[in-house]
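Shown below, as structure tokens, is a lone chain in the form predicted on its own; questions about how it binds or moves come after it.
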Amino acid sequence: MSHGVQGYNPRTGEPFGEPVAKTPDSEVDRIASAAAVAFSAWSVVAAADRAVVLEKVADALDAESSLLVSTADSETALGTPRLTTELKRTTNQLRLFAEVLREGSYVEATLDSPNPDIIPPRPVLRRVLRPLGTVAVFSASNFPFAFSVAGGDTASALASGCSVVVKAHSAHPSTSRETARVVVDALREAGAPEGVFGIVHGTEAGVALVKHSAVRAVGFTGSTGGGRALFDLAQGRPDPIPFYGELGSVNPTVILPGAATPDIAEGFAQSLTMGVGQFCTNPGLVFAPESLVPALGEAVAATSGGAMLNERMCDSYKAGTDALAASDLVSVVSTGTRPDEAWAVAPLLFATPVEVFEQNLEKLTEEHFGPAALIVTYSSPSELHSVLAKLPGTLTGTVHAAESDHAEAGEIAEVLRRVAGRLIFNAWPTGVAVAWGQHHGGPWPATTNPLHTSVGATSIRRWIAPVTYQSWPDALLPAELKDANPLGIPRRVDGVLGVH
């Protein structure tokens, strides 16, 4: 047996739980092959029946919440209140996809009648989105439930009719093992095909999974470096497969003059330090009038940091922020309190003029994953247009504005939409609602594909691909395409969208 993956308590730095054995290549092959077999059966299960299965998985996770939350708190130090909320978000994601399946429009069923009189003549064409196959899901470190074993990638992939193999994150192996146990048991009791869900542990197992011929797509949430390595691996296969990675994001926030009041500082500090800054939507880059810097600094100075998720993240945060503080490009505005915990860090706030920022944009847009932010000061909002357009791709772009700023806010939003996937007005980017209208994506390096989201109902589109049936008899068509529309789902028939 290979060496195990050991979890640690970030508050003490001490090992937590028993090591989880790394998965050897032979076992990865067995699990992925079993998932491919299960896909053949799972993909033809009626959508309404898959919805019931997802709800039973959600119920099982809720029933085990005490054990799951306590285990995750011991491995992540995220705290019982945060983890309890996150687990509920996770089960709500599963229930959302049950709604998506019952509503049915996600398959984009399209029916065209024959027309022999046009050029070229049109036969009977019926198009629908169908599941791809087995999906490899890479768990995230910062969301041990919502973006991990039973998180959004797993929920949306299972909903689509795909089978799933999860690569557990090394930061919380015990949490991953317990969550997987609940999911496997719930799927079995609900009558899902054996092997439709599996889990592997260890870096080597993740590489083997991406390379496995049974895997048809990959979902990843993590660092830019790790995501890029796996992206290249997926594209370098003899048969390249889609890789949907959510990577780095600096999440620029523009505070316009009318909104630059001391009241805004507290909200900024709360968003910056939430979860010790370990959110992909953390507001790490703020453009504000110089007059607001003292209030922002006081708000951050009044905050406390906490334990990072693991020692590597702690060391990386300290090294990155120490190097930034030592440079001549920024000034240190304020520092929060560092608790007396093993892998704890303090919140930090830096500042620099917009001219210096624009001249050193590549260096000053590096993400420091944790509770650190850079304030870019400006004299006039007109100075921001050119620099905002040069920002790297990001998940969110935020504008704070008073009514007197609305015209300027609209112009800035037009610039930000080219680099950000979600535009926020007079709120903070932390907190990603799970909903039909959510988009959690953006241009590189925010994600590897800006057209897709990893949160919300439309995240299911990553795991389905179009198939057109030409001139097939009605009896042999999928239910979604039959003349009578037995499922009662929305469809586009001869160009007209409706339930017909």
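This structure is a prediction, so every number in the text was calculated from the model and none was measured. Don't overthink the numbering: it's just position in the shown sequence, from 1.
What comes next is about the form predicted together with a further copy of the same chain, which is not displayed.
**Request:** Can you check 406-414, 346-354, 203-211, 326-334 and let me know which stretch has heavy atoms within 4.5 Å of a further copy of the same chain in the predicted complex?
**Result:** Of the options, only 406-414 has residues within 4.5 Å of the partner.
**Message:** I have 8, 55 and 271 flagged as a candidate spot, so tell me whether each of them has a non-hydrogen atom within 4.5 Å of a further copy of the same chain in the predicted complex.
**Reply:** Answer is no for this spot.
**Item:** Interface residue in the predicted complex among 68, 432, 47, 32, criterion: non-hydrogen atom within 4.5 angstroms of a further copy of the same chain
**Value:** The residue from 68, 432, 47, 32 that makes the contact is 432.
**Request:** Report the residue, out of 97, 244, 145, 197, that has at least one non-hydrogen atom within 4.5 angstroms of a further copy of the same chain in the predicted complex.
**Result:** Selected residue: 244.
**Asked** Is the gap between residue 482 and a further copy of the same chain in the predicted complex 4.5 Å or less for some heavy atom pair?
**Response** Outside the cut-off, so no.
**Asked** With the cut-off set at 4.5 Å between non-hydrogen atoms, does residue 190 touch a further copy of the same chain in the predicted complex?
**Response** No, residue 190 stays farther than 4.5 Å from a further copy of the same chain in the predicted complex.
**Prompt:** For residue 368, is any heavy atom within 4.5 Å of a further copy of the same chain in the predicted complex, or not?
**Reply:** No.
**Interface membership of residue 295, a further copy of the same chain in the predicted complex, 4.5 Å heavy atom rule** = Close contact is absent here: in the predicted complex, residue 295 is far from a further copy of the same chain, nothing within 4.5 Å, heavy atoms only.
**in the predicted complex, residues of 465-479 near a further copy of the same chain [heavy atom within 4.5 Å]** = The stretch 465-479, when checked against a further copy of the same chain in the predicted complex, contributes 465, 466, 467, 468, 469, 470, 471, 472, 473, 476 at the 4.5 Å heavy-atom cut-off.
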